[in-house]
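What follows is one chain in structure tokens, specifically the form predicted on its own.
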Amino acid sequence: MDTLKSPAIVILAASALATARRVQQRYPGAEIHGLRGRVEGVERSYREFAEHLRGLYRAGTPIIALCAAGIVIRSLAPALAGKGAEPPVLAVAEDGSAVVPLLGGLAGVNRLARELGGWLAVAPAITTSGELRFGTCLLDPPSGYVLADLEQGKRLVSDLLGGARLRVEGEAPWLEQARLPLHPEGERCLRIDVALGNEDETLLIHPRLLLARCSDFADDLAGRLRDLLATAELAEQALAALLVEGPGRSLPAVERAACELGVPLRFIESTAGLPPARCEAPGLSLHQAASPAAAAAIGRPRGRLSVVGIGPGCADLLAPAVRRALDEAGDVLGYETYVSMAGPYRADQRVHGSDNREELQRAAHAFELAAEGRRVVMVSSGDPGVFAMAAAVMEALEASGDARWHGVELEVLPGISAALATAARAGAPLGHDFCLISLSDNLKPWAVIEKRLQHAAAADLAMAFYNPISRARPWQLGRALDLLRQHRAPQTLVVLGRDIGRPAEALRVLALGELTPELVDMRTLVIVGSSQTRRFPRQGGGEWVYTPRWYPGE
């Protein structure tokens, strides 16, 4: 598939899981979505099939649904939009015996169906008349080529089905094996060209060959480039990229123009490797590559470093923006345990696991990779800005004078922190003012931790403790509890959350007077309530814990 998005493999019952795993082997970046309560051991769970399917469809996610085609059709019917703006949607039999393309003819659904059918050793049920007759879809050219006019394309296919002959002008290598009614004097014409055209009997497909080099970064760059294209009678759809010399730095005017024109922004070291200019204007020049592949190989993209939080580690609690960043990444870095939790990965993705104490070295490695134009993800558990890698990345960038590092597109994508995940499982113990404190004295003196604990306790804040105890730091939690007991009553509620969101999840509620360091390990998040935190029985066993939003005297 040409799309950057991996497909969602959606199943309704455990009986489809074996086939779903076979499909996933063909698309390693794809996740299996299973109906909650019926399917276990999948990357994502959902509660309601139709609503979930419509959400994937609206997000432009390719869908491979292992169920009856009718169920998919009825589910998506309320969300169907224009034919040119939909992802591929396929129905696959639970046992893999049938592959039926349903939607997304212009997004490559038939190509996907053939690909998947070949993998499952079944013939796809393609019903598109033009494709059945001619063995190709003229309305869905391959990557690097763009159909100029969809309606003109529909008329041409209709005419060919009615007996018209076709002549081809220009190079269209993907049509060599097709069964088109070709004739040098054909009544209808397919032209592969970067130039504009308006002939009634001609269908234009524009190869992405044109490269726009920019040296003047004033506003309205897109408008000036469109004027240059129009003057030269060249098609905007033939643009392959905007090129800028120098390191991949932030250039707002060029970035806006690239976004408006729908083309990538690329950086070159010099003009030495560029084809000769086809036309020029002040601060702009247009160059034509020999092929779409050659155009795509010129320059490098602006590198991106996404610092992401994967939450507790389960797919259900992973933010969609984080999932997209992981899917798009070429390189994934992080502490080995967290990197493994963020998978699975495609065969072409490079995974760089490292020790948990190598944070600044890891950040430097990430910037070096991104400076090469790569898409890089730095993985943290929980939220990257809460005792995690975002601060280390910022520290490394601030200390660096490397223009390549500062040219990287840097983003921080939030995740669900351990404190919030544990609090949600317990109820709402952080429902009023609270603070987060790490009990690790590796990067700050213990005296600072004690001072903060005393002030937070005196202020009657609920508290969440990160890094509460380890083999190298066995005494700090005990000392912290001694300080707390100077300000908090023994009946103050405490929540212990261990591996929340993971298979070994454990939650315990007890009183501060009952808490001892032996009940806690490094994988435990400790929440100590305020004087107002309370509990009550929950239906089905256990109890809810919450801190009211009001406070005495408020």
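Numbers follow the displayed sequence, beginning with 1. Values in this document were obtained by computation on a predicted structure and should not be read as measured data.
What comes next is about the form predicted together with a small molecule, which is not displayed.
Undergrad: Would you please decide whether P62 lies within 4.5 angstroms of the small molecule in the predicted bound form, comparing each non-hydrogen atom pair?
TA: P62: no contact with the small molecule in the predicted bound form.
Undergrad: Taking heavy atoms and a 4.5 Å cut-off, does G34 contact the small molecule in the predicted bound form?
TA: Result no; G34 lies far from the small molecule in the predicted bound form.
Undergrad: Is E48 part of the interface with the small molecule in the predicted bound form - any heavy atom within 4.5 Å?
TA: E48 lies outside the contact set for the small molecule.
Undergrad: Does the small molecule get within 4.5 angstroms of any non-hydrogen atom of F387 in the predicted bound form?
TA: Looking in the predicted bound form, residue contacts with the small molecule include F387, since a heavy atom lies within 4.5 Å.
Undergrad: Of L510, M522, A68, L507, which one comes within 4.5 Å of the small molecule in the predicted bound form, counting heavy atoms only?
TA: Of L510, M522, A68, L507, the residue with a heavy atom within 4.5 Å of the small molecule in the predicted bound form is M522.
Undergrad: Counting non-hydrogen atoms within 4.5 angstroms of the small molecule in the predicted bound form, say which of R488, H52, R498, R44 makes the cut.
TA: Only one listed residue qualifies here, and that residue is R498.
Undergrad: Of the listed stretches (524-532, 54-62, 36-44, 510-518), which one has a non-hydrogen atom within 4.5 Å of the small molecule in the predicted bound form?
TA: It is the stretch 524-532.
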